[in-house]
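Presented as structure tokens, the chain that follows is alone, the form predicted on its own.
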């Protein structure tokens, strides 16, 4: 007897010939509906491992200097202002790089966009070996910092490979494991430095040679992305466009749809005070413990590493929580969990700044790191649903907001001697609480917001099809958006109607999978 239960939209059954093309179960867009962490199955899981590892390498390179700062500081004669300016420079360049990366992903695909950026920034990593002044130190950190714009391609790639019920987890793991580089470099660079010193090399030379390690690893990761990666489940952008299976989009329309969607701007602001705070802590935390509590260089590095290494579970945990809340409460669950977790992170940041003992500071820092990084994962549980057509640009806006938050925070609280670092950390916590409030303003007509339910008769198809004009619809360019809309009805939650509704103006030549 046939099972009368109707499958949900993301469980659309595919013809056997299509389903057998992939090792993982897929939906009507061929996005994976399951996540096998220890699999390297092409193209879904291979893209996952390539994306997080290449981003990890970029993070190691960008933050390779702070753990060696006490040595570099003495070697180059850097002042507190020089160090603060370089820290700001390391994250400011990526603001515009992330916006450009988002648009590049929309137009040429995440594989080529990511590999190109990583290769273009590797010379800056190697150049750290020859710096001899405060200005050259600042420039090396500035141009190396461009590489962490690869975060945008990482999130775009995962959103292109995994279905709505799994995208939060995929984004959280890829971003979180990539961010591990910020913690790993706190361990790697002092270790490499010590190994070089033990060969009889002077301190002046040892820290310079140490920078070749992240440079080589970053170069190899870019080559791997180019050689082994694939933009979409069905192939690379260029191949799909030549075959007529993907329309070549317009920069003007991608840009217009992205910048006119207010939800992207709100997420950029709130991300500035979760990821932006994480970037700030990566720049100051080792020096903070070294100076305030008098620990040695290696101990300061280990303490600082524990902040970044929390990403192994915290950011993926945020993505997982976003998906679980969506299962029951839909998009409203994603928004509520983001607001609660990020607000708790702000409270813990305030407490951290008030701690005056080493043990208490470390304990609070660990809890703080978990919440602020989980908020990053929760943010990118929402981002993939803001826009289908301008996903890359929205990802870039949000990611760029993280860098803007880091720049502003360091300029206000950690540049010069106006505030002590402990006071700056406390004030940063207050900023987190204030800048998290706008999440309450995010509203999706088809799903609702934190305090309001959806509009009557609003559908996912109408929301995503609105990004295309009538001429483009007539040519069927919006067919991918309609498939995404069909697969995103799960965002209504268990209490909502999971049956997709197609608007009457959909051209009859667009064949949607039935459920």
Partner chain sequence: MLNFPGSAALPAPQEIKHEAPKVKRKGILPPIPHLAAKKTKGMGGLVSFSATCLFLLLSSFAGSAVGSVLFSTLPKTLIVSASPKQGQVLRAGEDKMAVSWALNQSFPVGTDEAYKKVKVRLCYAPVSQADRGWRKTDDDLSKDKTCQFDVAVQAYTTTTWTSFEYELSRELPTATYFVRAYALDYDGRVVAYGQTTDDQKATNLLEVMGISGRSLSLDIAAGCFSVLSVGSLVFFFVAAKRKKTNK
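Positions refer to the first chain, counted from 1. Think of the rigid core as the biggest set of C-alphas that the two forms share within 1.5 Å after superposition. Since we're looking at a predicted model, the values are computed, not measured.
One more form of this protein, predicted in complex with its partner chain, exists but is not displayed; see below.
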Please state whether all three residues 39, 184 and 309 have a non-hydrogen atom within 4.5 angstroms of its partner chain in the model of the complex.
no
TL;DR on 309-317, 171-179, 400-408, 80-88: the one with heavy atoms within 4.5 Å of its partner chain in the model of the complex is 80-88
Since exactly one of 350, 253, 340, 216 fits, which has a heavy atom within 4.5 Å of its partner chain in the model of the complex?
216
Only one of 166, 208, 263, 388 gets a heavy atom within 4.5 Å of its partner chain in the model of the complex. Which one?
208
Is there a heavy atom of residue 371 no more than 4.5 Å from a heavy atom of its partner chain in the model of the complex?
no
I'd like to know whether residue 303 contacts its partner chain in the model of the complex, with contact meaning heavy atoms within 4.5 angstroms.
no
Is there a heavy atom of residue 434 no more than 4.5 Å from a heavy atom of its partner chain in the model of the complex?
no
Could you confirm whether residue 426 comes within 4.5 Å of its partner chain in the model of the complex, counting heavy atoms only?
no
Does any residue in 170-202 get within 4.5 Å of its partner chain in the model of the complex, counting heavy atoms only, and if so which ones?
190, 193, 194, 197, 202
Residue shift check between the shown form and the other one, rigid core fit, residue 200 Cα at least 2 Å:
yes
For residue 113, is the C-alpha shift between the shown form and the other one 2 Å or more after core superposition?
yes
After superposing the rigid core, is the C-alpha displacement of residue 231 2 Å or more between the shown form and the other one?
yes
